[in-house]
Ligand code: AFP
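A lone chain, given as C-alpha cells: the form predicted on its own.
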Amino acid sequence: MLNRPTLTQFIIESQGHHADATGDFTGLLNDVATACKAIASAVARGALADVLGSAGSGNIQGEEQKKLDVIANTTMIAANEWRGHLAAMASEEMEHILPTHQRGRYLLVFDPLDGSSNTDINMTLGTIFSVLRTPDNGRDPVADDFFQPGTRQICAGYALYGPSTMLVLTTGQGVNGFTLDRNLGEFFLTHPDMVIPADTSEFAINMSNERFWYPPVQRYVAECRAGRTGPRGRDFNMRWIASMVAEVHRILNRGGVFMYPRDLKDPAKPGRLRLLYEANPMAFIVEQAGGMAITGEARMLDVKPTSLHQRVPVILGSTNEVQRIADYHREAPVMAA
C-alpha cells in the first residue's frame, strides 16, 4: 500500500495546481475523512456496540431516526465545528444550518448515513457530502448562503461502508476512489480516474412504485423489462439496494442507471431525494466520471435550490441510457422540479 498516495498526499498535490490554494481545503477534507473513519468503525461494530435500531426520535423530514443516524451526524459535526475551515454546516438530520465557531472559507452539507433503513440487516451504508464556498459578504452565515446550484460545488464525495470502507470524491477534475487500510488508519488511492461506461444493460429502481410513475419512466422500464423480444432488442438486469451510495458506486464501477423519479404517490412532493446533500453531490460525481444526471427534464446541477431540505427527482448514470430517458420526458413532458 505504501507505494500508493494517501488521500492527504493526493489532495495536497492537487492543490499545487491552484495558485490561490491555502491548505484550508486539504484540512477540511482530512476532517471529513476522519469523521468517515469514525462512522465506519461504529457501523462495523453494529450490535456489539448497541448502535442498531431506532433512536426513538424523528428528523425534520418526518423520518424515523436510527441510532446510527444520530451517531453519524454528531460525529461529522464534532470533526468539523472547531477546525476553522467552515463557516457553517447543514445536514439531513438538522432542521436549520449550524454555524461553526470560526468563520471559515467553506460550507459543508451532508447526509450523515445514507441507506440507514439497512442498518439492522447489515447492508451497505454510506455518507454523502458536498463543499461550497462561503459567500464573501462579511456577515454571519445564513441558510440562503447554501442555496447555490450544483455547478457551484467545489468538491463532492461519499464514503461507502461495505466489506471495505471507501472514500470517493471529485474536486472537478475527475473522480478518484480511496480505500481505507484499517491497520494503518489511512485512505489510499486505489481507484484512480473512475469512468462510467456510456452504455449499460443494468437499471436500478423501486418497482413497487411502478403504478405511480409518469409515462416517460413507465415507458423506459417497460422497454428494459421486455428484453431482447422488445424494442431495445437486448436483455437488461434490475438492481435495488435502497442505498444511493451503493447504487452510485456500482454505476461508477460497471455502469448502470439509478432512478428515483417524480411520481404520483405523493403529488405534494416533487421527488424523494434531497437536492443539496444527496442529488447534487452525486450528480457532480457522476458528471465528472463521464455520466449524466437529470431530474427528468432538466440537468440536475442547474436546479436552483430554494430550501435546505428541497426534494427533487433523480435519474443518473450511463450517458446513453439517461439521455434516452431525457428524450422520453421531452416527448411526454412531466412538470419539472
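Numbers follow the displayed sequence, beginning with 1. Note that the structure is a prediction, hence the values are computed from the model and not measured.
What follows is about the form predicted in complex with this ligand, which we do not show.
The shortest heavy atom separation between residue 115 and this ligand in the predicted complex is within 4.5 Å. By the criterion of a heavy atom within 4.5 Å, residue 244 is counted among the residues contacting this ligand in the predicted complex. Mapping the unseen interface onto this chain, residue 158 falls outside it, with no heavy atom inside 4.5 Å of this ligand in the predicted complex.
Contact check for residue 274: a heavy atom falls within 4.5 Å of this ligand in the predicted complex. The partner is absent here; in the predicted complex, the one residue of 213, 220, 106, 260 having a heavy atom within 4.5 Å of this ligand is 260. For the options 237, 122, 164, 206, the residue carrying a heavy atom within 4.5 angstroms of this ligand in the predicted complex is 206. Heavy atoms within 4.5 Å of this ligand in the predicted complex are found in exactly one of 42 to 50, 24 to 32, 292 to 300, 274 to 282, that being 274 to 282.
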